[in-house]
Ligand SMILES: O=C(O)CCC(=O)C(=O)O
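Okay, here we've got a single chain as structure tokens, the form predicted alone, with questions on binding and movement later.
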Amino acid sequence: MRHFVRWANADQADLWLDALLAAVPWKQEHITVFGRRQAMPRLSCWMADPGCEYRYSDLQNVIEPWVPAARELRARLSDELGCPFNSLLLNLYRDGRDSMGWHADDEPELDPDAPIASLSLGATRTFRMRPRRVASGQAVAWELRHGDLLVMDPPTQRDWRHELPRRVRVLAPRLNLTFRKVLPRGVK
């Protein structure tokens, strides 16, 4: 796990935030949790190269084309981290009531040998992790701020779960971009 505080300076982070909020085709998807269909507590979008399909919680994401700001970020992160990212899950937490529960990004189409690069734009939010194999494992937390980059290197997804808990006092939006490498169909 690598945390780059202010990976993007405030001016650049503001430009990316504004551009992405305006250009991304945001959706409120519905997922199945414990057999119940419900609206996700956030807005999302899946951008990817053709053939980079991604499915989780009984949701097959529709591939959207790369918008310029996302394309720019992908090129920069792919170069800096040495990973040819081919997909991006964007999550828009409209305020502190939007959240994400404990999970690991370990779907079979994700390359288990590639990092996941998570860029935070907007409001500061708490990001928590706990060991997967220890039910009562102690959680660790980071306050991810505007422009922070968190890189989850392998085997993070195998060994840890993470969440973004509700924070009702947070009134501003937070945009999280998670760059990923999806394996082509038939390669596991």
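Each residue number is its position in the shown sequence, starting from 1. This one's a predicted model, so the numbers in the text were calculated from it and none came from an experiment.
Another form, the form predicted together with the ligand, is not on view; read the next lines as being about it.
**Student:** Is there a heavy atom of Thr178 no more than 4.5 Å from a heavy atom of the ligand in the predicted complex?
**Tutor:** Thr178: yes, in contact with the ligand in the predicted complex.
**Student:** Mark Leu164 yes when one of its heavy atoms lies within 4.5 Å of a heavy atom of the ligand in the predicted complex, and no otherwise.
**Tutor:** It does: once the ligand is placed as it appears in the predicted complex, Leu164 has a heavy atom within 4.5 Å of it.
**Student:** Quick one: does Asp105 come within 4.5 Å of the ligand in the predicted complex, counting heavy atoms only?
**Tutor:** Yes, Asp105 lies within 4.5 Å of the ligand in the predicted complex.
**Student:** Can you work out whether Ala114 and the ligand are in contact in the predicted complex, taking contact to mean some heavy atom pair no more than 4.5 Å apart?
**Tutor:** Close contact is absent here: in the predicted complex, Ala114 is far from the ligand, nothing within 4.5 Å, heavy atoms only.
**Student:** Though the partner is not shown here, which residues of 93-125 have a heavy atom within 4.5 Å of the ligand in the predicted complex?
**Tutor:** Heavy-atom contacts within 4.5 Å come from Tyr93, Met100, His103, Asp105, Ser118.
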